[in-house]
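Just the one chain here, the form predicted alone, laid out as structure tokens.
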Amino acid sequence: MDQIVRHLKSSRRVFLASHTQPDGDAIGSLLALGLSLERLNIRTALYNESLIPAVYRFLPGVAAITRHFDSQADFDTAVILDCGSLKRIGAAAAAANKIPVIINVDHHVTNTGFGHFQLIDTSACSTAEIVHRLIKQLATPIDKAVATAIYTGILTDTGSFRFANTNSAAFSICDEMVRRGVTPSEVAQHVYGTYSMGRIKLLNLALDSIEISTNGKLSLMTLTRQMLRETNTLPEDADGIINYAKRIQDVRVAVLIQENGNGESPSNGSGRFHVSLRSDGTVDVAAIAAAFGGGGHCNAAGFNIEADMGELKSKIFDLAQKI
């Protein structure tokens, strides 16, 4: 930690990035650390390849997050947040890998240990928890904007304190963030309380797509580009939809196969998909994701794959027999 703090304080220009298809922790951690470094008069660039889901666009400073890597910028440091591997940031990974010093901040058990410095704690409830510690060491003030980002990261990654990764730090840090100006009801209203009509229609189509394994322990939901077109929605509108499949009685693992919405499908007839996995706590889905080149937590993981939809579903249902 001390080495990382010293290096950040001596940095001139820092590139910060979090994983594609970001959740609240990825966005909250990115914003909290980015805002804190700016307080030290360090030039920063905040990057995420994906569009920010509508439910997180209320976060202070979110407009500063860009989807484009500035190849002309003279970055001396990169901070990669909430990513098990550098490739999780997407197309900018190759360019980011050329930045002189890379700092890896994460809490995933599947983290590959990339970078020149690692700040990894798999016992942390979220990357936002680790970022909170780092900000404390940087000795920058935690104002309402930073507090809101940290609170949102912890709230969402613990499933509103319902998931098994919820620890005592989750409560103590969130209590501190409330004392620094966060209003829990306002954050909850943004994250959980408002849906567009398009998102409701998308949810309806996604629910209709649910298939259950023969042993009843795995549910599979499918989201295609055609569904997005029909409902005039974007891939980020699918944020959280998998949880409906997870809540089905007796289901231990929920799977969402989401067809990539950018670019054309490969000419060989297969498609490009992001597969999200959620567990009720009895199955380590991070191990499943790792077998497909992905990663994540024991209870929430994912991977990207190019495959035939039918064959992909068949492989996933085969896994159900081992649950």
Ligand code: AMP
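Computed from a predicted structure; not experimentally measured. All residue numbers are counted from 1 along the displayed sequence.
One more form of this protein exists, namely the form predicted together with the named molecule; it is left out here, but the text below deals with it.
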| Interface segment, criterion being heavy atoms within 4.5 Å of the named molecule in the model of the complex, picked from 270-278, 52-60, 65-73, 37-45 | 270-278
| 4.5 Å heavy atom contact, Val14 and the named molecule in the model of the complex | no
| said: Test of understanding: in the model of the complex, would His108 fall inside 4.5 Å of the named molecule by heavy atoms? | reply: yes
| request: May I ask you to check whether Leu312 falls inside a 4.5 Å heavy atom distance of the named molecule in the model of the complex? | output: no
| said: in the model of the complex, is there a heavy atom of the named molecule that lies within 4.5 Å of any heavy atom of His132, even though the partner is absent here? | reply: no
| message | Under the 4.5 Å heavy atom criterion, name the residues of 38-63 that approach the named molecule in the model of the complex, in sequence order. | response | none
